[in-house]
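Just one chain is shown here, as structure tokens, and it is the form predicted alone.
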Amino acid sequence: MTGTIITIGDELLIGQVINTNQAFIAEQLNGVGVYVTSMVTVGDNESDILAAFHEAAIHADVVCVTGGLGPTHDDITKTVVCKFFYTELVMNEDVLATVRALMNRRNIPWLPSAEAQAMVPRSCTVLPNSVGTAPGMMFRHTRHGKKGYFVVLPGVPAEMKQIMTEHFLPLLAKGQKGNVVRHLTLKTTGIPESLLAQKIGDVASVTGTDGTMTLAFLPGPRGTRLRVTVRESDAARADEKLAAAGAVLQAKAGAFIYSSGSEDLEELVGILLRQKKLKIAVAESCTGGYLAHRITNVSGASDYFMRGYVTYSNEAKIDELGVPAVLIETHGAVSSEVAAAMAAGARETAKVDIAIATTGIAGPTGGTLQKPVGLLYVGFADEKSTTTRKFNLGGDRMIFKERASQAALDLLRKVLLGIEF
């Protein structure tokens, strides 16, 4: 089965609200075997909404609509739904009782607009909303010669998720036997998308040629995700194909792949540090504390993260980490020598097993021909040795920080796993 997601609201079109509903609904539909082929966002305009409904009903087996179910004048979705299905709004006593109970619990005085929330299209199946006032509405229909599901949900994410997961998905899953969609996502870092594609080579070597699998490259500041999607009639067969595709990608991309699950690099590094019972400190210049921020975003990071130094100025590097002033004078603050001294100084000062350091040029100013914007040195120190690695990352200031923190974490990952870098 195929699906279309329609989100409604002027606030989405002007960028005032980030559209998180689309991503959640798409993930949930895929989980029950509905392959989402399109997403559409329209404003609070009747003709635009109707056009989107007609287009979706022509092409999709499942249409999910969110937004425009509130009590104010610009919430017109229910009215447009009635026009689309040639029906009328009627009072639903169950919904009315739910709305009254909710408002009593919250000590909100009864208003005529609240009663309007209990008005639903006569021909719909009501999907209860336990966390808000606007119910979901589902239609089983035949439009444009196509049988399908048409569900209308509130735009408030918490309300949409509750109705979607507790009511609509179970109904949908019952009719989805023999239709399976599965995904496998491998996260890579430290290699540009173009070089990764070159390493993987012929896509058919991963997906086969029967048309049931696809491979997508999804680049971002932290690396490229490889997403394999399989559509099969049997779950076991789908999982078997995904496992085979994953093995091929692992063989081709090797150490550039750091995760086949949802964990980020800082989570993986945390697992390794805890397993090896190592304590770490970080010393940062160009990343300004962002590396420590990422490491400490992981629950339980206090098991291994001991201290972070943001030594942005030369004086801070000298005073807090003991970097020799002569190194900065001779090589500059952005140099392999200073990165190594920062890492060694952080390890000694914090009295930890290992330390990692960053120094670079985030831009947009400060670059030279010899040291351009985007230049990064990462230093690493343990009880045996101190080493550094040079990167040329480019990007604007925030993208540079993302890439720089990722590069430092990836270097740490490789050290902990014994991978040559």
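Only a predicted model underlies this, so the values are computations on that prediction, with no experimental measurement involved. Numbers for residues come from their place in the sequence shown, where the first is 1. Definition used throughout: the rigid core is the maximal C-alpha set that superposes within 1.5 Å between two forms.
There is also a form predicted in complex with a further copy of the same chain; it is not shown, and the following applies to it.
Considering a further copy of the same chain in the model of the complex, the lone stretch of 77-85, 299-307, 268-276, 118-126 in range is 299-307 [heavy atom distance within 4.5 Å].
Using a 4.5 angstroms threshold between heavy atoms, residue 367 stays clear of a further copy of the same chain in the model of the complex.
Using a 4.5 angstroms threshold between heavy atoms, residue 174 stays clear of a further copy of the same chain in the model of the complex. At a distance threshold of 4.5 angstroms between non-hydrogen atoms, residue 239 is out of contact with a further copy of the same chain in the model of the complex. Using a 4.5 Å cutoff between non-hydrogen atoms, residue 46 does not count as a contact of a further copy of the same chain in the model of the complex. The contact residue chosen from 71, 190, 332, 208 relative to a further copy of the same chain in the model of the complex is 71, the criterion being a non-hydrogen atom within 4.5 angstroms. Of the residues given (166, 264, 320, 337), 320 alone sits with a heavy atom within 4.5 Å of a further copy of the same chain in the model of the complex. The candidate spot formed by 56, 170 and 243 lies out of contact with a further copy of the same chain in the model of the complex, as no residue has a heavy atom within 4.5 Å of it. Of all the residues from 11-47, those having a non-hydrogen atom no more than 4.5 Å from a further copy of the same chain in the model of the complex are 11, 12, 13, 14, 15, 16, 17, 18, 19, 20, 22, 23, 26, 27, 30, 36, 37, 38, 39, 40, 41, 42, 43.
Taking 2 Å as the criterion, residue 277 does not count as shifted between the shown form and the other one: its C-alpha moves by less than this amount when the rigid core is aligned. When the rigid core is held fixed, the Cα atom of residue 214 travels less than 2 angstroms between the shown form and the other one. Relative to the superposed core, residue 194 shifts its CA atom by less than 2 Å between the shown form and the other one.
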